[in-house]
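One chain comes next, on its own, written as structure tokens: the form predicted alone.
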Amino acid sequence: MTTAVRSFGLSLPDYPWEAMAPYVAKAAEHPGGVVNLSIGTPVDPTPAVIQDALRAAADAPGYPTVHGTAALREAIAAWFARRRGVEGLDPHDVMPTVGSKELVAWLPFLLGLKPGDVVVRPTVAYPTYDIGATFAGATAVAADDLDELDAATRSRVRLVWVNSPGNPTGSVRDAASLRKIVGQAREVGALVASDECYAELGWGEWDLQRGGEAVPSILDPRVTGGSHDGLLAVYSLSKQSNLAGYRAAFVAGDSAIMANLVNSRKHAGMIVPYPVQEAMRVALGDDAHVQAQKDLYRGRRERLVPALESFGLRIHESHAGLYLWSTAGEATWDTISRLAERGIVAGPGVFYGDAGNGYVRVALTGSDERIDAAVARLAETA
């Protein structure tokens, strides 16, 4: 007698980027090769000072600590004070993570969310916020303000994701906006987790090196009312330090929640390797490489913006981060197809929620040579 084998595995949507295959193939036909400005993966070298730190820590026969070395946590606290305006962060309330995406995906589960609970995420957002809610059996709801929710939904909110600067839109919440959503969340007893990995890459009014204001953190005293209760800040070194391949990130905030996360991750073995922890420590103490990389992105942005506009795209938001959120007033896939004909691959706005329809996300993460190739192609007569 044959016994039927049960079906295993989570019922998740297909990974969206698979839908790009025919457009990537079309772009590859261009005689000058593909200019891939879709995913946004860093292409510039990892700074030598960080590579040296990784090599120096390569002899690591023992298990690393989940909570992170004391030296790393102190470096993170010092970075928050120096770069984010967050003074007095207790190093005990900090923990390294295996990149920020894994934390985004697993945070609802690690917080003990359950069916019936609501996770609020931005209206136009990185899809992993929804996936994290799915892992916990919770419900993801798109909203940029809790006042947009009906009373029944609002009463079930347990986690609010803030993403500032935002992916894909490049929108920035000022301190007053952050303070408002913190107040709303505290009224209903919800946690606010702020995904801030583009914070060093502000442009225009948020370009600190050009006389602008620094992008505020959820842990900024102008936001918190003097207490980190119910607040977590999530940050990654992938963008500012070209460390996407290291999976180097961290989370900080509410003491009680952090203690619970550290304990849960000990049980699950979610550990950042010791050499990576050392590389992070050194990276966080060196501001020069961050400035040099931002200058590269600024130059690429200043070349791409007018080229996209000449192609008929309008840039929306895009006040910070590595993307230009753009629309030609047509369906997303029509714009993706027209760009692919020029050998350029962009990110479809529809991957970021219904509100992204009609938009494309163009990354700044091409080499100077590839950015210049894109600029030239966008200027060609059809």
Ligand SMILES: Cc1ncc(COP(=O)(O)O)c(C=O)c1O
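This is a predicted model, so every value here is computed, not measured. The first residue of the sequence shown is number 1, and the count goes up from there.
Another form, the form predicted together with the ligand, is not on view; read the next lines as being about it.
**Student:** Looking at 217, 100, 169, 240, which has any heavy atom no more than 4.5 Å from the ligand in the model of the complex?
**Tutor:** Contact check passes for 100.
**Student:** To test your reading of this chain, name the stretch in 303-311, 161-169, 183-191, 275-283 whose heavy atoms come within 4.5 Å of the ligand in the model of the complex.
**Tutor:** The contacting stretch is 161-169.
**Student:** Going by a heavy atom distance of 4.5 Å, is residue 156 a contact of the ligand in the model of the complex?
**Tutor:** Outside the cut-off, so no.
**Student:** May I ask you to check whether residue 179 falls inside a 4.5 Å heavy atom distance of the ligand in the model of the complex?
**Tutor:** Outside the cut-off, so no.
**Student:** Within a 4.5 Å heavy atom cut-off, is residue 126 in contact with the ligand in the model of the complex?
**Tutor:** Taking the distances in the model of the complex, the answer for residue 126 is yes, it comes within 4.5 Å of the ligand.
**Student:** Does any part of residue 94 reach within 4.5 Å of the ligand in the model of the complex? Heavy atoms only, please.
**Tutor:** No - in the model of the complex, heavy atoms of residue 94 and the ligand never come within 4.5 Å of each other.
**Student:** Relative to the ligand in the model of the complex, which residues of 186-206 have a heavy atom no more than 4.5 Å away?
**Tutor:** Read in sequence order, the residues that approach the ligand (within 4.5 Å, in the model of the complex) are 195, 197, 198.
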